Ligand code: RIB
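For reference, the chain that follows is the form predicted alone, supplied as structure tokens.
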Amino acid sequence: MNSKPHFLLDCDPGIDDAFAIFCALEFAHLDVITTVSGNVSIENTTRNALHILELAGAEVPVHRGADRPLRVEPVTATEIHGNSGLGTYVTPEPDQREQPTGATQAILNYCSSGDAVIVATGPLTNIALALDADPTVADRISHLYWMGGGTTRGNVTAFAEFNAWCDPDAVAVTMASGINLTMFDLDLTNQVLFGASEVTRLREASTTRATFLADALEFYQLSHDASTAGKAMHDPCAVLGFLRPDHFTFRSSNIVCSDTDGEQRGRTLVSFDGDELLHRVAVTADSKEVIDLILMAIIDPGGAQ
């Protein structure tokens, strides 16, 4: 049996980040978590990451990252994720402690031997700070999988997705760095929808982790238009796009991000033409299979082959 792949997860938990962490723990060897402000404050994203690991019975080093974007004022999405980041849940103080090393140094350390894989499910601030500290780290990252951006749509403005809008400068720096990158944007993640049937499947499992996530998922759904068929499970797509690429299709591209302060702020512009296409965009997902994998990670941990 093949050994599980290793990677570093840079995240801002966040309800869908919680699902992503469980997927990472189930289908990979999660080496490191670095946290960043985004869905909620850095204090909450770090506390949430530690608590989710405790629910999973896992020990993974967690390193606190940037508490604000590179230049623009920080914003959060508490209206989507709740004040704590996990719906109405009040995250308890975890027993596991965060590491004394900050996220920037943790990323540099992780990439020191080369061929490092990073999955990022929040603003790219920590990645940009690592690149600023040592631009050569780009050569030691074999691939960066990022949930963010929008090829044809936004969810904060008509043009910009939340993670890109939160720190457009960090996205611009990362895209220009030479890192091989795959973007899982809103056009992709809106193919993977969780609705009432997924809540039911979680509740029927009757485990602590499944009930916790069912409650969080119901809050997540209520924060959106209840008339829609389901809510996008954004962040697990980036994790599973790395770990189960056979359930996705990809297209080579070049991506740039607008770091202006006007209406174009955070807009990701994707070009599929050119002789040297450094990036990729995930185009389609096998929705049913991806949904089943996410639920398996929660309901039947250890059952994956």
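Residue positions are given as counts along the sequence shown, with the first one as 1. In this text, all values refer to a predicted model and were calculated from it rather than measured experimentally.
What follows is about the form predicted in complex with the ligand, which we do not show.
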Which of these stretches, 169 to 177, 90 to 98, 211 to 219, 230 to 238, has heavy atoms within 4.5 Å of the ligand in the predicted bound form? 230 to 238
Does residue 124 reach the ligand in the predicted bound form, with heavy atoms at most 4.5 Å apart? no
Residue-level contact is defined here as any heavy atom of the residue lying within 4.5 Å of the ligand in the predicted bound form; does residue 34 satisfy this criterion? no
Is residue 151 close to the ligand in the predicted bound form, meaning a heavy atom pair under 4.5 Å apart or at it? no
Residue 137, heavy atom within 4.5 angstroms of the ligand in the predicted bound form: no
Would you mind checking 149 to 171 for residues with a heavy atom within 4.5 Å of the ligand in the predicted bound form? 155, 161, 162, 163
